Every structure is written in structure tokens, then in C-alpha cells.
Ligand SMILES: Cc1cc2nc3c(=O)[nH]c(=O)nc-3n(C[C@H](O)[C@H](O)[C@H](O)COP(=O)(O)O)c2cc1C
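Just the one chain here, laid out as C-alpha cells, in the form predicted alone.
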């Protein structure tokens, strides 16, 4: 699948079959995150890929629908980097697009991780000085959402608002 096609097709998938994802596909997805744009090339990230069902069961307290994900990627950031949130967001978007291109569904957990950050950091062995930006569940989609995006002409402005 070409990049623009994957961008057009990407949706937040929250229903998975529970099928496993091959390690090589997970490595491709994380590699896409690693290659994201980053302020001053700091690359302030680490990624933890969780495929163990028991650990997924513990992480699903953030969102019950994650229980059948084939994997969950924890995005760990170094907050000493000035742009750690922006850099982490770019990495997550790359992983979402890569997941779509490989035929998997994914979803950015957004604000559900923050209230449980300390608990999840302990579970995952994340160093105290690092931040857990988000969890990204990935899986074989049980269904593909078809929600429409706003049309380009509704959001595009030339020269001024």
C-alpha cells in the first residue's frame, strides 16, 4: 500500500480478532516510529512492544477494547527533550500509518494513559525519569470503521483564514 493510500485509509480501529502479529511486522511498525521527524534530531524515544496476553490484560484497564489487540506498543519519551510530546506524536502517527499499510488496525489511546502512567511505568519497567506518552494497540481488525473525514474544501484556506 502506498503512503497516501494508507493515510486515507487509516482509522481508529478498536475491534480486533485476537490473532497474533508476526514479530517482523511489529518491527516494521516500530521502525516507522523510530524514523519520525524529531526536534534537533534528539530521538527522545523508546518503544516497548507487548504481546504477552497477561500483560495486555493488565494494560487494558486503560481501555477494555484493547483486550484482543495482537500487540500494544508503549511509547516512552525522554522529557528532557524540549519537543518530547511533538516528537512522540510524530512517531505514533508514523506507526499508525505503517500499521494500516501492513493491513492492521491501530488506535492512539490518547488521554487514557496519563491517569495510569505511574502504574503502567512500574508494570513495564520504565525508568522514573522517562514519561509514558501513550499506548498504541495494534491488531488484525475485526471490522474497519468507515467514519468520514471533513472534506478538504471545508478545512483548506489559501493565504489567509
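Positions refer to the first chain, counted from 1. Bear in mind the structure is a predicted one, so any value in this text is a computation, not a measurement.
The next section is about a form of this same protein that is not shown, the form predicted together with the ligand.
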query: Interface stretch in the model of the complex with the ligand - options 50-58, 100-108, 24-32, 124-132, non-hydrogen atom within 4.5 Å; finding: 100-108
query: Residue 15: touches the ligand in the model of the complex, heavy atom cutoff 4.5 angstroms; finding: no
query: Any non-hydrogen atom of residue 147 within 4.5 angstroms of the ligand in the model of the complex; finding: yes
